[in-house]
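Before any questions on binding or motion, here is one chain by itself as structure tokens, the form predicted alone.
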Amino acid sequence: MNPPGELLNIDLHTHSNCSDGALSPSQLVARAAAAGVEVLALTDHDTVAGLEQADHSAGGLGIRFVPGVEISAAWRAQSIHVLGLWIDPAAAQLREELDLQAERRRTRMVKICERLSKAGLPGAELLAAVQAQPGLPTRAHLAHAMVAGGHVGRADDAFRKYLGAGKSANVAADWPALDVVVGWIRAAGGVATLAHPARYTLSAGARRQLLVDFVAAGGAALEVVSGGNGAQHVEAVAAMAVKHGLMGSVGSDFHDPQLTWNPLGRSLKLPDGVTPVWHSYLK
């Protein structure tokens, strides 16, 4: 296999059905291998449940596997996602904290479905449908259940009509502070990487302050290329990484093969001038 500096296809942000992805960890790895991915991280939301299966599958397919997780955090009342890359999945504190994250998700889902009931929808039925799915409950699971039940036409409509900020069934998340989450990742031997920074609804000044606070907490990298971000976002985020002394990461944020616009690997290339996070951490 190529040395780290010459790897052609790296994807450090993906999801399996242990959170809100469509594929099992082994199916995800097989699809990544078929796409020519050489280095793959599984970064499910607030869980490491799929890492052992993914690691085993990757070893059989010649993929370098990076154990990861995507942890939900709060910064100025904004939900922020932090990737923990190269974590030790067996780290006791991390596992304890992720158990608490799972409980926060379950509690929030119950409250959301109670509000849907008050809005005239079958909340208990929708909650049961979400709970029947593998992995931790997410609002994406609920939106899909609402589509399946004929209550909305598309998943986006569920957020626009019921689940989004300011809507009747919205329940604010109670995530731990950003610096706390970064601390969990570092304590587990991982590299804290701010996920999809261009997606957060922040002013330019607030985004700069977010990065200042992230670096102060021990954050090490910025996801420069993510999902369907356009070229204008890539260049802007690359400039942020350089300015704040952060390494750069790349990830598709892959969830579902039916989303054909966002395949695994998808030509994820860092712009020149950004130090790749894998140069320091890929063995």
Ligand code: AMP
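Don't overthink the numbering: it's just position in the shown sequence, from 1. These figures come from a predicted structure and were not determined experimentally.
What comes next is about the form predicted in complex with this ligand, which is not displayed.
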**Message:** To verify the annotation, which of these, His45, Arg31, Arg64, His233, has a non-hydrogen atom within 4.5 Å of this ligand in the predicted bound form?
**Reply:** His45
**Message:** Can you work out which of Arg105, Arg115, His151, Arg186 has a heavy atom no more than 4.5 Å from this ligand in the predicted bound form?
**Reply:** Arg105
**Complete:** TL;DR on 95-103, 202-210, 139-147, 125-133: the one with heavy atoms within 4.5 Å of this ligand in the predicted bound form is 139-147
**Prompt:** According to a 4.5 angstroms non-hydrogen atom cut-off, is Ala155 in contact with this ligand in the predicted bound form?
**Reply:** yes
**Request:** Examine Trp75 and determine whether its closest non-hydrogen atom to this ligand in the predicted bound form is within 4.5 angstroms.
**Result:** no
**Request:** May I ask you to state whether Phe159 is within 4.5 Å of this ligand in the predicted bound form, using heavy atom distances?
**Result:** yes
**Complete:** When this ligand is considered in the predicted bound form, the residues of 17-33 having a heavy atom within 4.5 Å of it are Asp20
